[in-house]
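The chain below stands alone and is given as structure tokens, in the form predicted alone.
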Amino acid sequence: MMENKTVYLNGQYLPLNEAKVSVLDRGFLFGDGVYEVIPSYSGHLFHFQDHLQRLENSLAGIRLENPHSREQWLDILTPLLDARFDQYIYLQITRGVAAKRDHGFPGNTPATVFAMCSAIVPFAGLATGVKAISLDDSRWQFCNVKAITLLGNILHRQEAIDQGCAEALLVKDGYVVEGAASNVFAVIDGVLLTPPKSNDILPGITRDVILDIARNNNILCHEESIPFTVLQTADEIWVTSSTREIIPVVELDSKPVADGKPGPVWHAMNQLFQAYKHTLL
């Protein structure tokens, strides 16, 4: 499949190799910006309004004005999509290019807006499940803001990769909070659990959809803090994200999760999630 290599940058659609940003952009110098990832199935942006609400919350969290209305965002992003394929939009907004490098916010500086579209590649470990490790969460205290300053997440994910795992589950004060690039679910005593929203986790759109699907299909679920000691004996563990959807974890810290295979609740939820996607097309 040939991806659409046209991108959007500050009011222009242009080839990716022609998109350039100043070295004085605050995103480059400070990581001063936010981003959003929006899946698109057959040209339809998945839960678009929810993704924009999260974008608005992230912008408010770093005190950056939203440069466009929701209608304008839709007009900007739609030309990047190809209805023949499943794709995702990557949207990034920084505080723009200032005249000099200074930690304080610059005045009257237009935001830098960049968007591109890439293919959603089916995750190879979906049917068999993946391995994960647990790590102490060493990130900052505003993980609910989808900031572009992702070095902590990157280091956690790379440590997982170095150990032959797909994800790192992060533990804070004895409780699992989320993955390095995912939300986490667990089936414990027949109940589907996920940590509640707080500054410790990114409020995932896929996470919210899963909870809605569970409630609408009589799958008992709760938003509840999960002690790591309890997670270690869970019947099932999943990690979820916009581009990987719902991935079963079958091994944690070199020990099998239950029987070491994707569990029945995951199988049921994955079927329900795939069916739900088609209702939106």
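The numbering used is simple: start at 1 and walk along the sequence shown. Just so it is clear, the model here is predicted, and its values are computed rather than measured.
Not pictured, yet referred to below: the form predicted together with a small molecule.
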- Query: Honest question, do 9, 26 and 92 all end up within 4.5 Å of the small molecule in the predicted complex by heavy atom distance?
  - Reply: no
- Among 230-238, 251-259, 51-59, 217-225, the region lying within 4.5 Å of the small molecule in the predicted complex by heavy atom distance: 51-59
- Heavy atom to heavy atom, is residue 129 within 4.5 Å of the small molecule in the predicted complex? no
- Query: Contact between residue 64 and the small molecule in the predicted complex at 4.5 Å, heavy atoms?
  - Reply: no
- Determine whether any heavy atom of residue 96 comes within 4.5 Å of a heavy atom of the small molecule in the predicted complex, and answer yes or no. no
- Message: With a cut-off of 4.5 Å between heavy atoms, is residue 40 one of the residues that contacts the small molecule in the predicted complex?
- Response: no
